[in-house]
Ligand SMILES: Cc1cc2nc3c(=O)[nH]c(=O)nc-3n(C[C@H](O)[C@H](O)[C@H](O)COP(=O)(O)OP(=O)(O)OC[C@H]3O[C@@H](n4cnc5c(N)ncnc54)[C@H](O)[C@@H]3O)c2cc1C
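Only one chain is included here, represented as structure tokens and corresponding to the form predicted on its own.
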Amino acid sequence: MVEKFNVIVIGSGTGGAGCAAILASAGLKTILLEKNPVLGGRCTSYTKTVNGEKWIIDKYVHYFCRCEKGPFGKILEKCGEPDAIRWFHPTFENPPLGFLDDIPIGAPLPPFLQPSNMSDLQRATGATDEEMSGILKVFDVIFSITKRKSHALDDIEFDEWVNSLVSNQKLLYILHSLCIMMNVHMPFSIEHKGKVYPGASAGDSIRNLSKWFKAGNTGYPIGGSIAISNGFANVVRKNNGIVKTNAKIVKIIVDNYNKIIELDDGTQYEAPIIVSNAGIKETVLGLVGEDKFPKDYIKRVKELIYSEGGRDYGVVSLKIGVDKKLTDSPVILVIPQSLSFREILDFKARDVVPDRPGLYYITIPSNMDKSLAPPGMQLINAIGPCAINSKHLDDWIDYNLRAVEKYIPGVYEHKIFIDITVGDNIKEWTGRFESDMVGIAQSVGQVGKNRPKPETPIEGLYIVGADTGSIGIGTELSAQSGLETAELILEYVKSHPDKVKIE
């Protein structure tokens, strides 16, 4: 017997789980299905026991923009559950740390960006007053540009835009680092296997930075990255919805109006509304099939490019447990000053470990939530450059481990364990066609009016997640899509009461 629902949501990333939470709280009979044993998609955590003591470790490296002030909070407000996710926020007494190679600078993240940061940047980069005026113009645009004017820059690459304002190369590296951190996509075009991949959109990057900087808020969820989707899933359960893990979808059957989802164990569920967080390409070309869609829609879906992860922007993530507290900082960001991103790409392409520092992003989750590591110990999660499918992975790991030791002395001596995640293996976890880190790229030609929409040509079939989010950084982009897609569905339900009966 096929069990029937009002809504089936495939995938429990922040977009899928957030959308499910809103729909369940609105009274729709909802089931949330996740193919992995834990919720969260790319924003998740796992438990590790070492010598009888428990560690909760983020699978990938996460630190969050806006937090409760952004779509995460808006989703919970709509559900009437504002406290379902709790947040850590750094303080001015213990802010994130920033380095330009070896030179410490003021914390480069909101809300810690202060006028003194400009003095730090000028001292560290050797920029003249005239050169500093360029970066001040960049920040002025970020804080003052209207949404309409920002869209005029949608088809200009971020690198082209900042080069029109900033001449100092070291200042450009800082802006490039911001773009790559936000979009996980290069700020300039890249050619790969004969195909040109456009760089990150200037308009989209400006909108993201503006939202982030004006909110003046960063943080980390109590309970680890998985706490976001867990919080949304708890709302689903509280509203009589079902949350099921280890539920791998193999097919979406759309021959009838009431669509049928089939799992790999043969289980079937039926609903008039399907929300897929599996990816637009994966849903359309894989789960449903090309023959169910108009040819022009299929052509557009095939043309979409993914964000970086398994193409050029290879990374390795080191999860390190140490037996004592080595640093008080919640986050450490190292921005390269002697190695451009084009040079980093060249080193990766040749599978040669650089002789200079790259971009390093280090979070210390146990400084933001003590429960993630055993008492007196510390959990460090660091991400740095690595060649794609490297034949010298041990050398790249050592290169990045030495960088962590440089900024957190004592890691070698006090290391209990080190878990390694390589970026080009992301698709093994997500089930997507590529190892993209943040869905369909926020690049020229794929933002603003050209961004994929949640609605598909099949009535009642929606795509949710970073692929269809209109604005945001990483998981926030996905959550924004969850919010927007839920609103579209509730409007559809309201206008089609005969098709979607609330149980």
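From a predicted model like this one, the values you see are computed outputs, not experimental measurements. Sequential numbering from 1, following the sequence displayed.
Keep in mind that the form predicted together with this ligand is missing from the display, and what follows is about it.
- The listed set Ile57, Cys43, Cys67, Leu461 contains one residue whose heavy atoms approach this ligand in the model of the complex to within 4.5 Å, identified as Cys43.
- Residue-level contacts in the model of the complex: of Leu28, Ile31, Val447, Ile473, one residue has a heavy atom within 4.5 Å of this ligand, and it is Ile473.
- Of the stretches 126-134, 158-166, 427-435, 101-109, only 427-435 has residues with a heavy atom within 4.5 Å of this ligand in the model of the complex.
- Contact annotation: Ala466 falls within 4.5 Å of this ligand in the model of the complex, judged by heavy atom distances.
- Contact between Tyr269 and this ligand in the model of the complex is not found at the 4.5 Å heavy atom cutoff.
- Residue contact with this ligand in the model of the complex: Ile249 places a heavy atom within 4.5 Å of it.
- This ligand is not drawn, but in the model of the complex it has no heavy atom within 4.5 Å of Tyr197.
- Annotation for 199-215: no interface residues with this ligand in the model of the complex [heavy atom within 4.5 Å].
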